[in-house]
Each structure stands twice: as C-alpha cells, then as structure tokens.
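Here you get one chain, nothing else, as structure tokens; it is the form predicted alone.
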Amino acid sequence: MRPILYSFRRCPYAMRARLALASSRVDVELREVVLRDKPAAFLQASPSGTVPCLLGPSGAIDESLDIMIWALRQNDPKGWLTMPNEGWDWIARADGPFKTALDRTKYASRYADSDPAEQRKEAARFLSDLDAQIDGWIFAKATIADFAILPFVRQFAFIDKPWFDQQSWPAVQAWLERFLASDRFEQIMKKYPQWQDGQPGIAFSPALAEHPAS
C-alpha cells in the first residue's frame, strides 16, 4: 500500500512536504484535512494533530522537514539533498527565528505582548541576509533548503505584498516570483476535496493525477 499523506493545501509546512514528495516521485495517497474538522483517522495517525503527517510502513512521520528528507532519501532525481552543510543552518533559521517573527507579524492579535512592527523588522533581517546569499538559488543549484524555506517566504510576502515588493531584496523577490510562476508550485497547489473518514484519498503521484486512490 502507498504511504498516506495528511495535508492541508495552504499550510506552508504541508506545501514543503508535497514539494519533496512530488520531486522524489514517490506515490502517496493524499488526504486533504480541514483543520477545524479533523477526521478521527488523522488524529489517530498524527501524534501532534498537525499537518503534514505521513503514515508509512514504519509508522507516522509528523514533522514536515523529516517528510522531505524521507521522500528524497527514497529518490532524489534533482539532487536536492546534495547541499553544503550551511543549508541546514539556513533551514534552522527559517524554521526558528524567521517563523517566530512571521507568526507575530501575521497573527499579531494572538501575541498581545509582542510588537508586530518589531517582529516584521526581525523577519526582514533574515530576508536581508538571505538576499545576500541567493544567486538564483541559495547555493549553486536548487536544494532542499530552497524548497523548505520558500513556502514561508511566500507566507510572509503576502502579509503585505506591496510592502514586500518595495524592499531592497531583489534576489529574494526574483527567487520567490520564479517559484510562484513555476509548474512545480501550480502542481502542489491543486485543490482537492476535504477528506472524511472512510473515503478514498487522492493519488498524489509524479503526474499528480486527480482520481481516487485505489
């Protein structure tokens, strides 16, 4: 049986899992979860109750970066895992301080003790550093670092896209726009119906065929 991916289309963590699965050409059964109406099978599978969650022969993988690494270790035709060690530091910065600042900018009402303007400045510092690093890609070619970070840069950019576009980050802006215009992004952002307990999932394959999984 193919592994099962519990996903949510707009979640950046789920986006990066789907990016790696599509690149690796590993077939999975996709189950689109609506977070306000989580099905029982998903809650049973996911230790954290969060997406993405990959349910495979060895059990559940409940962290998006771990799903990316698992998929690419099965098959890595684009060589995304062939990356300088520094790439893991970039991912850690994105997942840590940058994501913290992003959340406190985008969801300011949830963090009464945090100043959203200061948090946006904190996120901007990361993007300024990233802009200095990017020359087409973060390294000489596309790696897992690019596709682990891009969904979160997208999320930050669309908090206030006119403001984002006015910043002096030409490399980051071009990198993001190329991603948003890519076939890869279009494929992983296809809309799927909400999955319910007992229903078949969707065959999320290299061709991303839209039919019930057998």
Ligand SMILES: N[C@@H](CCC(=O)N[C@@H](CS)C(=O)NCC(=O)O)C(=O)O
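For every residue, the number given is its place in the sequence shown, counted from 1. All of these numbers come straight from a predicted model, not from anything done at the bench.
One more form of this protein exists, namely the form predicted together with the named molecule; it is left out here, but the text below deals with it.
- In plain terms, the part of the chain that comes close to the named molecule in the predicted bound form, with a heavy atom within 4.5 Å, is 58-66 out of 22-30, 166-174, 141-149, 58-66.
- The named molecule in the predicted bound form is approached by L35, whose closest heavy atom lies within 4.5 angstroms of it.
- C11 belongs to the set of residues with a heavy atom inside 4.5 Å of the named molecule in the predicted bound form.
- At the 4.5 Å threshold, heavy atoms of Q187 stay clear of the named molecule in the predicted bound form, well away from it.
- Among residues of the shown chain, P39 is not one whose heavy atoms approach the named molecule to within 4.5 Å in the predicted bound form.
- Along 28-54, a non-hydrogen atom within 4.5 Å of the named molecule in the predicted bound form is carried by L35, K38, G49, T50, V51, P52, in order along the sequence.
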